[in-house]
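We begin with a single chain expressed as structure tokens, specifically the form predicted alone.
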């Protein structure tokens, strides 16, 4: 049985706990400086809790740091002496592996993860990077735990800014596009409720079709585009617009900001 500790019990931590708890043979303990949040997590998730980060670190083989970036340094200082041979997994945005190593030592096992909010429903699109001290056995466990919450890909840390923009911020960008579809449906006669349901299901179903049937995006477009039909008429407007440039600039702006934040991480 794997002993896993979570420092911090915010929404992302609780989502990860739910998915990991249901997917693997593990024992979970959580800590939080906010007693109300800790009590709620204990009741909702049916896990052990403690007010002491040191006690949590002592009892855990894997420690998830689910605190705000500004609090990472203080938490690491607190558990530094106990964290030897433990796997430290940080989900703090912008905090680099090297920054964590400077505090706890470059001989420790460190993982940096960029999850996204879809973890709440077990459909995260995440990426993670490992430092040089992670062994193959550790790697297998980490991969299994993180993929229990959806999709988690191992990448080089230098690519984390692109991940942050694409999948980390992505749900907000996709939700913005869905809202445009909803409003268009309302404009042309659908009720707000019906338009919302149809738009959300269309985005959800399209992603599911691409994923489950493993067809290419181009193939799916071809499947829907009957010659002279409605899809082709709509595509002509899209393809003649600046939407490609707009989306590219959106991702570029998010990457730029991620790099700026990372300078302090």
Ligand SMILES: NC(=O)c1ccc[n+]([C@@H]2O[C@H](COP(=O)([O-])OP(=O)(O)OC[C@H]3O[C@@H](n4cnc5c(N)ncnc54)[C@H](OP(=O)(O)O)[C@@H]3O)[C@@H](O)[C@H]2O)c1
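Residue numbers count along the first chain shown, from 1. None of these values were measured; they are calculated from a predicted model.
The protein also exists as the form predicted together with the ligand; that form is not presented, and the subsequent description refers to it.
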Subject >> Contact segment among 85 to 93, 104 to 112, 140 to 148, 187 to 195, judged by heavy atoms lying within 4.5 Å of the ligand in the predicted complex >> reply: 85 to 93
Original post:
Applying a 4.5 Å heavy atom distance criterion, does residue 63 contact the ligand in the predicted complex?
Top reply: no
Original post:
Using 4.5 Å between non-hydrogen atoms, is residue 241 touching the ligand in the predicted complex?
Top reply: no
Subject >> Heavy atom of residue 71 within 4.5 Å of the ligand in the predicted complex >> reply: yes
**OP:** Could you confirm whether residue 4 comes within 4.5 Å of the ligand in the predicted complex, counting heavy atoms only?
**Re:** no
**OP:** Counting non-hydrogen atoms within 4.5 angstroms of the ligand in the predicted complex, say which of 130, 162, 117, 182 makes the cut.
**Re:** 117
